[in-house]
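One chain comes next, on its own, written as structure tokens: the form predicted on its own.
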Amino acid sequence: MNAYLGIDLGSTTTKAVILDEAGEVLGRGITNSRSNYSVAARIAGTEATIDARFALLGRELGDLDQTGLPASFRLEQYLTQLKLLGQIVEEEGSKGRSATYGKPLLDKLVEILVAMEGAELERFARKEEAGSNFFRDRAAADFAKFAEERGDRKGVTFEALLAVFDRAILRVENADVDVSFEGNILRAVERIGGGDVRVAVQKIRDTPLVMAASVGTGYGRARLPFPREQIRSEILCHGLGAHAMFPETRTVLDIGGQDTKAIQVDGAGIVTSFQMNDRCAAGCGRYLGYIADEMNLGLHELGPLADQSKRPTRVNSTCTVFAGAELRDRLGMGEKREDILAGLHRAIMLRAMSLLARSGGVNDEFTFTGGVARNSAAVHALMELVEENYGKRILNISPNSIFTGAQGAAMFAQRSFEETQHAPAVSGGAEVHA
């Protein structure tokens, strides 16, 4: 079957969406953006293809979670990457300053990797949800835990172990390791016992999934390994993607890792005006990440903590350069973390409101997209400010909002392919109709 691929290369994450021949979303994939953008695009595309295969498999088998196959597949993926990590860790542990520790370092590294494999197998047995879809995040958490247990101030230190991991994980992320559906699904079937699942898996595995067309977009679109004619503006893609998710949308706010976009669209999802802040990370995901680091919190903890505020602090600046100093000053004055964070989120949304006003205001249904749309405090601050300035508005936030740009790109890919198919052939200056 033909399918259409959209890739959105963001500053922090790369997203991919695959549409089927009916224009419906068949698969989604996401990965960390890397210095090697070709690898990031390939991995996101692979993840979307895997998701698409499982969607087709779901049509055959019904509730896939009941079979245990998706969890078994993710385990096989993890073990495949962990095996490569083990090989690279051994190489890195034998080089440079790490080599001065000799065999004791290598022995501890082996112990840690064995413990990591055991921990993942235990989680699978308990049917425990993975804390992250990214191998790096999951591996880093386990490695740090087991390295801390084995680190010795008078011998092989925790820092020495972590230094080896930091070098190795970069190589794993950029390696050509097979995490594909085809490369791991049969082992996943064996792990759960096979049975009736095997026949359906073989059928889906043998079903050709042809990427008839692809389009790239996003903050790093110029570095995507796509021809220029397969690149579209992220403004256009976010506008079209938001319209596809919520057809009555007329205003779109996208806050990503590196920029903020305020977009106005018409009834067909065509952009009529926009404003974009792309010269400063203030008010974007990168800024929130910086604040999380300063407070020694996870990015996902900021919103829930800010929601606990009873008296939000008035924040004067959202400049990333001065954020750390102002944050430390306020904490030093005894202000509560949740109040500071609530003030920060409101300040960020005030910047977004300025862009919205310059783009044409907030009209009719309003859609919030991008990674920051997952932050509850950001959503609450935005809703309050919109109502204060424009009155009641319908605010749409899709659980898949981070894929909005990639979905718009996939829609452009499908349209491009269909236009090519229906375009009349030309020979000697005359149209030739088949």
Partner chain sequence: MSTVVRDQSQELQKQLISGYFDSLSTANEDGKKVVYTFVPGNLTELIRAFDLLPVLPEINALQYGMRQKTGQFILDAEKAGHSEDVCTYVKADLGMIRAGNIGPTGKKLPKPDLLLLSYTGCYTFMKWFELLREEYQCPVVMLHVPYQGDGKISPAHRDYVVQQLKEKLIPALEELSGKKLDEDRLKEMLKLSAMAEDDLVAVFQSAKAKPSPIDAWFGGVYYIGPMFTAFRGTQAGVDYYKLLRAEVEERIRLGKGPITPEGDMNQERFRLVAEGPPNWTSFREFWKMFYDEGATVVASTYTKVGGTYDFGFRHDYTRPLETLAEYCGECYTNRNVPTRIDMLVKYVEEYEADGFIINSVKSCNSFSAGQLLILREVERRTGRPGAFIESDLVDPRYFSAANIKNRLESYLQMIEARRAGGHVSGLEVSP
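The term rigid core refers to the most C-alpha atoms you can superpose between the two forms while keeping them within 1.5 Å. Keep in mind that this is a model prediction, so the values were computed, not measured. Residue numbers count along the first chain shown, from 1.
Unshown form predicted in complex with its partner chain; subsequent notes refer to it.
Residues of just one listed stretch (152-160, 296-304, 262-270, 165-173) have heavy atoms within 4.5 Å of its partner chain in the predicted complex: 262-270. The shortest heavy atom separation between Leu79 and its partner chain in the predicted complex exceeds 4.5 Å. Though the partner is left out of this view, Leu236 does reach within 4.5 Å of its partner chain in the predicted complex, counting heavy atoms only.
For Gly289, no non-hydrogen atom is located within 4.5 Å of its partner chain in the predicted complex, even though that partner is not displayed. Its partner chain is not drawn, but in the predicted complex it has a heavy atom within 4.5 Å of Gln275.
Not one of Arg223, Pro225 and Arg374 places a heavy atom within 4.5 Å of its partner chain in the predicted complex. Distance criterion of 4.5 Å from any heavy atom to its partner chain in the predicted complex singles out Asn363 from the list Ser94, Gln87, Asn363, Ser309.
Residue Arg358 is the only one of Lys103, Lys83, Arg358, Arg126 with a heavy atom lying within 4.5 Å of its partner chain in the predicted complex. Relative to the superposed rigid core, the position of the CA of Gln66 differs between this form and the one not shown by less than 2 Å.
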